[in-house]
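As a starting point, one isolated chain is supplied in structure tokens, in the form predicted alone.
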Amino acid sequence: MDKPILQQWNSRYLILILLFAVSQISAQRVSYDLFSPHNRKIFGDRLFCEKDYLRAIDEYNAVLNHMPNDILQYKIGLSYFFMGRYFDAERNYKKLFKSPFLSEEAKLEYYRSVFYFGDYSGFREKINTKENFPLAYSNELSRLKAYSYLMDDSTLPPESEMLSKFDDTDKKSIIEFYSWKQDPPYKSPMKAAIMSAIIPGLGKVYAGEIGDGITAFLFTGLFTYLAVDKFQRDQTTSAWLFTALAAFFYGGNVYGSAAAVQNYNASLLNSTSIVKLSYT
């Protein structure tokens, strides 16, 4: 074969190789465009799985700027919820109330967000008025409504009505919470003061502050002993000093025991940890 012909074929092959290389480079640029909606969605999903919810929200919003996506909008609501930003979660779920696929789920999560926000009376009012109520999840919300009575100072419904919302496996725990709420185990400040007046520190132990009770007993006993010892040795000045210290710890212990019980009762009144809800 003549050399010109070989050179011609070599030139054609070289052009084909160059065209193929250029096409591969272009394809790689397209596939590795990190800021494309597809790749930002993937990255957002990864952040969501890693519980980096705030950055996941940024990625999802960037995708939503290019195209609507109800699933991503739903995940934004979940992200706000898991971060404890329940009001932001509420607002986000409202955007999905007319979604053809996630309307009922969005309404359920909206109600859950209202509940966790702590507006229990408003939560019950929304359920009673059926405002944006997801009928597909009426049983779940009925149980959540029953839970809400255990979370604030509202009058408890009848026990039979309360228990009717739960399965048999849950009723035992609900009865315990119900009884606790109906008759909280408050303690008596007067009793604590009398106990500490008789035995220093005993009222603190009664209030649950065992360490403080032992400390009060030891210091009061120590200063009392030193005061008596100094009087017996006719060391009047130091004797009265230790007497004053003993009286100070004794009186402070009596008052502190009553205050400790008041704090204990206040913690019971304000406690919302008696009901442990799992997010399912």
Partner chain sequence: MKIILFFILYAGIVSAQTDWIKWGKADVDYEISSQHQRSHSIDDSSIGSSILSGLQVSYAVLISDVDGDNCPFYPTCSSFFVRSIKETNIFQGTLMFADRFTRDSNLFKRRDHYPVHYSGRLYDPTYNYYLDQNKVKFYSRKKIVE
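Positions refer to the first chain, counted from 1. Since this is a predicted model, take the numbers as computed values, not measurements.
The following text describes the form predicted together with the partner chain, which does not appear among the structures shown.
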Looking at 44 to 52, 229 to 237, 59 to 67, 244 to 252, which stretch has residues with any non-hydrogen atom within 4.5 Å of the partner chain in the predicted complex?
244 to 252
So, in the predicted complex, is Thr215 in contact with the partner chain at a 4.5 angstroms heavy atom limit?
yes
So in the predicted complex, does any heavy atom of Glu209 sit within 4.5 Å of the partner chain?
yes
Would Lys204 count as touching the partner chain in the predicted complex under a 4.5 Å heavy atom rule?
yes
Quick check: do Tyr137, Asn139 and Ser179 each get a heavy atom within 4.5 Å of the partner chain in the predicted complex?
no
